[in-house]
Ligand SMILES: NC(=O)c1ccc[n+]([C@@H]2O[C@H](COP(=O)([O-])OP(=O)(O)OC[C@H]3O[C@@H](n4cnc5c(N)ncnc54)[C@H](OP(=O)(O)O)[C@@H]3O)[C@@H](O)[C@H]2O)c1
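Shown next as structure tokens: one chain only, the form predicted alone.
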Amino acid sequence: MADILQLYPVTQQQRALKGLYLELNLCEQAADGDVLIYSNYIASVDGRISLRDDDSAEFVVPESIANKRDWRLYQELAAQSDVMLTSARYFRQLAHGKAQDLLPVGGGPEYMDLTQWRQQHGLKDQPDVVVISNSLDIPETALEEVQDRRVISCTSERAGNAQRERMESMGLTVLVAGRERVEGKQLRQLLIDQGFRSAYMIAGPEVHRTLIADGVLDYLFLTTQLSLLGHDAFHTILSGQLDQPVDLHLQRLYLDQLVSSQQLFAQFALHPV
């Protein structure tokens, strides 16, 4: 069903949701010896990507903006990745049953076309996982959920030998990408050294800031749900300080015309294209 209106580039063309992002072929965009890194968020018009839950004190995506149509595009972005970049916080949430999802591609019959798409493009059934963590506080029970793929822990020199040895004893590859913290440029080089061509960042705003501040994020995909949430305890797509503003270059903009979930789908480049 053609229920997506393309606003930019200006064509007024009607599009179908299914396949909207798959046509980008992100897994084939990186030049030889390079990697494409992209991120994705859903936010309200007032910028909330998560609100603090009073019971658990965890920050979670509000139910009022989470929706299956945005999740379809999340899955399409995941389907194009060699590796998904996440955080130790995600695995701690996973261990307590609080994680949004299990980093799948093609989970359920409605997403089986994505598994087929990966096979057609020479990708493994599931992307590998890089866990970005300075502390290496990663529960072993959560790692048991992703035994079907390679898991790499990327940390800084600040992590002690005991923590590194513990991770390695659990079957993880531990790589160091920075002194006091994981640094974006070193992380990017490690991804290249491991042979990855497309990396999908699904971590929180702190990791997002690192990638942006260090100039290694290529694309930002942002779904804006047309609502206002308010709330004083919230996260936005970025935390911390930037030395200077970072310009975004609009690549694509779509309007989801379903009355039940009006939202905008946007792709931004962080470097001139």
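Numbers for residues come from their place in the sequence shown, where the first is 1. Every value quoted in this text rests on a predicted model; they were computed, and no experiment measured them.
Omitted here: the form predicted in complex with this ligand. The next part is about that form.
- Look at 46-54, 225-233, 22-30, 240-248: in the model of the complex, residues with non-hydrogen atoms within 4.5 angstroms of this ligand sit in 46-54.
- Looking at Q189, you'd find every heavy atom of it more than 4.5 angstroms from this ligand in the model of the complex.
- Using a 4.5 Å cutoff between non-hydrogen atoms, V129 does not count as a contact of this ligand in the model of the complex.
- Contact check for V207: a non-hydrogen atom falls within 4.5 Å of this ligand in the model of the complex.
- Using a 4.5 Å cutoff between non-hydrogen atoms, S87 counts as a contact of this ligand in the model of the complex.
- Note on contacts: among R181, R166, K185, H121, the single residue with a heavy atom within 4.5 Å of this ligand in the model of the complex is R181.
- For the candidate spot formed by N40, R92 and S135, every residue has a non-hydrogen atom within 4.5 angstroms of this ligand in the model of the complex.
- Contacts with this ligand in the model of the complex, taken as any heavy atom within 4.5 Å, map within 45-72 to I49, S50, F59, V60, V61.
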